[in-house]
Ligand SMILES: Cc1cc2nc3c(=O)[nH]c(=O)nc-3n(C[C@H](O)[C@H](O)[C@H](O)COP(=O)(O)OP(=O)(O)OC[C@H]3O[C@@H](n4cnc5c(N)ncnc54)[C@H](O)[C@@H]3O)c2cc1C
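Take a look at this single chain, the form predicted on its own, given in structure tokens.
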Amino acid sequence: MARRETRTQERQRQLSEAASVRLPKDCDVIVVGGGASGLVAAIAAAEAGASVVVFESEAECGRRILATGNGRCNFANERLDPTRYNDPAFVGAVCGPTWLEDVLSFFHDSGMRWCSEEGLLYPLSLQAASVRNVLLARARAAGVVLAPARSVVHVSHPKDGPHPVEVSFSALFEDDEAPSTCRSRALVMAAGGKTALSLEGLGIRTSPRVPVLCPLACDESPLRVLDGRKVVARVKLFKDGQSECCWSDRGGVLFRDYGISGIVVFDLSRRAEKGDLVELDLVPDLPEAEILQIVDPSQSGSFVPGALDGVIDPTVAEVIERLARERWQLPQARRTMPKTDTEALVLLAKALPFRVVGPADVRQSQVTRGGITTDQLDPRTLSLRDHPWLFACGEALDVDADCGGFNLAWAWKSGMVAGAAAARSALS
């Protein structure tokens, strides 16, 4: 049996394979970013007849796809809806009424099949590698030159010659004979992060990059002893100083020693800011009156110890019982101090409070908010109005959404639109 590669050996092999890729001096379309949207944009452009080169800073293209959906890749959602995004009008204009059909048709034609779990769509293999592999195979079949391990450091717009775009890049490997520039007739920006800085010299406006879809750090509190416990709760968000709930959803919440985590918290992280109040209803299916009857059937004002064990994780119940007796509340809590132990316990069970500090463990962030502001683009082509040779898609744009396949669905569709339009522009 062959021995499995070590990480060092794997990286050396990847860099060696990247170094073996010979780049043309010019092409029709350059795609910056070999992730989800970049690969689809490259495929769309190449299948429309354009010669395409993809630059990717990682040692291989599509690497981040492997980590999506805990390695299973929730690649779309049966209920795609622009209102799940931070810029619904723009997303709706780009994606149109056949959004889901277009995405599924693309993957069907790529040789992939899928299954649905409560509306979430996964590859039939339940392996994210299936999604990446069909994209890489289709790109290579279309003649796309995949150039990983090369970071774009500058994009310029030469005034002379037939190629209005020049890209300068640096490689992760040493090759003195390799070119460090490539020219094209059109460019698709499909990468976020530092790569977006290469556009600043062109006068393109970008919004700050911040991690979202990640855990939340919260103020120090006695609840930190619950680290590792899980509950299903209704999560409510109250903006700092406001008494009305501005967002609510239900899902699994994981207590951490720094705050809270879980898919519903990841969605919350797109909306919560420092100082906001979050309340967890630990028994969302039971009204306060029923909880009151369970914990204090005689209505004495003193609850029965352990009475919540039948409806809440007993470890969590034990902690909130103690806090109820101590009349614990967060500073500047929304509600007045309860008068009895029973009232305090019911309040904690139905509105366990956390004060948001900000994102926590940004390494777990699934997407990054920010990028090229959408008011500069034509939604029909995703071209920059002041730079008709420049197109953008995926995380390059200031577009993000909730968990559940929405961000990848945007990546696929925006990549299709930008890639096809870039090819038309380059070949016209």
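The first residue of the shown sequence is 1; numbering continues from there. Note that the structure is a prediction, hence the values are computed from the model and not measured.
Keep in mind the form predicted together with this ligand is missing from the figure; the text below concerns it.
Contact test in the predicted bound form: Val316 vs this ligand, heavy atoms, 4.5 Å: Val316: no, not in contact with this ligand in the predicted bound form.
This ligand contact at Ile43 in the predicted bound form, heavy atom, 4.5 Å: Ile43: no contact with this ligand in the predicted bound form.
4.5 Å heavy atom contact, Ser130 to this ligand in the predicted bound form: Taking the distances in the predicted bound form, the answer for Ser130 is no, it never comes within 4.5 Å of this ligand.
In the predicted bound form, Ala191 touching this ligand (heavy atom, 4.5 Å): Flag for Ala191 set to yes.
This ligand: the contacting residue among Ser51, Ser57, Thr374, Ser383 in the predicted bound form [heavy atom, 4.5 Å]: Of the listed residues, the single hit is Ser57.
One stretch from 97 to 105, 158 to 166, 219 to 227, 68 to 76 that, in the predicted bound form, holds residues within 4.5 Å of this ligand by heavy atom: In short, 68 to 76.
Residues in 365 to 384 with any heavy atom within 4.5 Å of this ligand in the predicted bound form: Going through 365 to 384 in order - heavy atoms within 4.5 Å of this ligand in the predicted bound form - the hits are Ser365, Gln366, Val367.
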